[in-house]
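Next up: just one chain, as C-alpha cells, the form predicted on its own.
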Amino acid sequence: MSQIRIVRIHNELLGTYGDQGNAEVLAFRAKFHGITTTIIDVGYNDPLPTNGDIYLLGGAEDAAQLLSLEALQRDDNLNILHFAIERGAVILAVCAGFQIIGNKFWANGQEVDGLGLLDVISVPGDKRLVGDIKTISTVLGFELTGFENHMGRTILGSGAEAFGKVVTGNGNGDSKFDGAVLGNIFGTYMHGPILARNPEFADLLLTRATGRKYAQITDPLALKYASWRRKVIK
C-alpha cells in the first residue's frame, strides 16, 4: 500500500489538548517511508468515511465528549467503525476518545454507553491527574512518554489488554497501567501529542495500517528526540 487515508474525527470537539497533531505526525512519518497520505477531517455533522486506514480521536472536556459520542452513534457511523476494524483499519483514541470507544463512561455527572469497541469502563475519580507519564508498553515492546490530564479512572474487562505498564504517572488511575489495546484498536490517556513524542509508535501504526514494516526508526533526528524524551521523564 503506497497511499493511506488518515481520518481525524471531530477535531472541533476532540482537539482540546493538541491531539490533532497525531495526524500530522503520521503524515510526516508516512512521507519519510514513501507513503502518500490524505488527512480527512470529519466534523460533527459529517458521516465517517468507509475507506479510512487510520481513525484518530483526541481529548476533550465532558460537553464536547458527549457531542462527539452522539455523532458517532448517529446513522451508520458505528457500523462503519466496526467494518473498518474488521478489514484491519487502525484506531487510536486518546483520553476522552479512549473513554468514548469503551463500554461505559461518566460525563457531566451521568453514566453513558460508549461505542463498545474496547472492553473498558471509565468511572469518575476524586481528583484530576495531571503531569508527565512514562510507560513500558508490553504490547509494543518499547517505552512511551506523554502528558496526562484527566479525572476518569478506567477499568479493563477481560476482553482488553493494558496498553502499557506505568513507570511514572497515573495512567488509568491506578498508577499501574495505562490505556487498553485489542488488535488494531489502541486507547491511551497520553497526550503530547503521543505520536510526536513517540515516533516509533507512529511507525508501528503505519505498519499495522499498510502491512509493511516501518516500526524501526532510521532517521537520526527522530531517534535522538525519542531517546531524549525518555531521559527527561524519570
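For every residue, the number given is its place in the sequence shown, counted from 1. Please read all numbers here as calculations on a predicted model, not as lab measurements.
From this point on, the text means the form predicted together with glutamine (GLN), which you will not see here.
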{"query": "Candidate stretches 167-175, 59-67, 201-209, 41-49, one within 4.5 Å of glutamine (GLN) in the predicted complex by heavy atom", "finding": "59-67"}
{"query": "Among the candidates Ile136, Leu78, Met151, Val112, the residue which, in the predicted complex, approaches glutamine (GLN) to within 4.5 Å (heavy atoms)", "finding": "Met151"}
{"query": "Arg87: touches glutamine (GLN) in the predicted complex, heavy atom cutoff 4.5 angstroms", "finding": "no"}
{"query": "Glutamine (GLN) contact in the predicted complex: Cys95, any heavy atom under 4.5 Å", "finding": "yes"}
